[in-house]
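The data below hold one chain only, encoded as structure tokens and taken in the form predicted alone.
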């Protein structure tokens, strides 16, 4: 079982973002969930990958050739796939993943989670999508999405497909409920 984590190639200004990325990486490895991510060593991307590796977990990175110099492809992970385009990167990451989890990041991070969520809404996959609301980072966006529902541009059932929580363990548990029974090991020890 693997989860694709979208997150910044920058560490952000507050140390809470790096702490959250490290915690997510440790939780994934602890629960036996492989990490699929952008393949770099920089920013939050590098932190989550390093945390999974340090805990002995599986890490699959996918990086476009053009970003290798900027994102410094990670040589210490389980698998690194080098592709030609961002479209290939996203398609390969989605293929490897059983769910999508988004931590704080910039417009690329937002674009990735919105695309995964949109694909779910359109029925291209049934994989759970989650936002980890670290330090209230996604609170304004969640309010905006709720306004999109109120204005009639998004159905409530489609809004419900994007799970939001500020606790990574709780969010992984919530995401696990949208997966087939074989993935019960996603749940924390207290939940099984």
Ligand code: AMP
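Numbering follows the first chain given and starts at 1. Here the structure is a predicted model, which means the values were calculated and not measured.
Only in words, not in the display: the form predicted together with this ligand, which the text now covers.
Interface residue in the model of the complex among 36, 52, 131, 45, criterion: non-hydrogen atom within 4.5 angstroms of this ligand: So the residue touching this ligand in the model of the complex, by this definition, is 45.
Evaluate residue 73 for contact with this ligand in the model of the complex, applying a 4.5 angstroms cut-off between non-hydrogen atoms, and reply yes or no. Because no heavy atom of residue 73 falls inside 4.5 Å of this ligand in the model of the complex, the answer is no.
is_contact(residue 98, this ligand) in the model of the complex, heavy atom dist at most 4.5 Å: Output for residue 98 is no: heavy atoms all beyond 4.5 Å of this ligand.
Contact test in the model of the complex: residue 7 vs this ligand, heavy atoms, 4.5 Å: Yes, contact at 4.5 Å.
Going by a heavy atom distance of 4.5 Å, is residue 92 a contact of this ligand in the model of the complex? Although this ligand is absent here, residue 92 would stay clear of it in the model of the complex, with no heavy atoms inside 4.5 Å.
Stretch from 64 to 72, 122 to 130, 28 to 36, 151 to 159 whose residues place a heavy atom within 4.5 Å of this ligand in the model of the complex: Among the listed stretches, the partner-contacting one is 64 to 72.
Contact check for 86, 108 and 111 against this ligand in the model of the complex, heavy atom at 4.5 Å: Yes.
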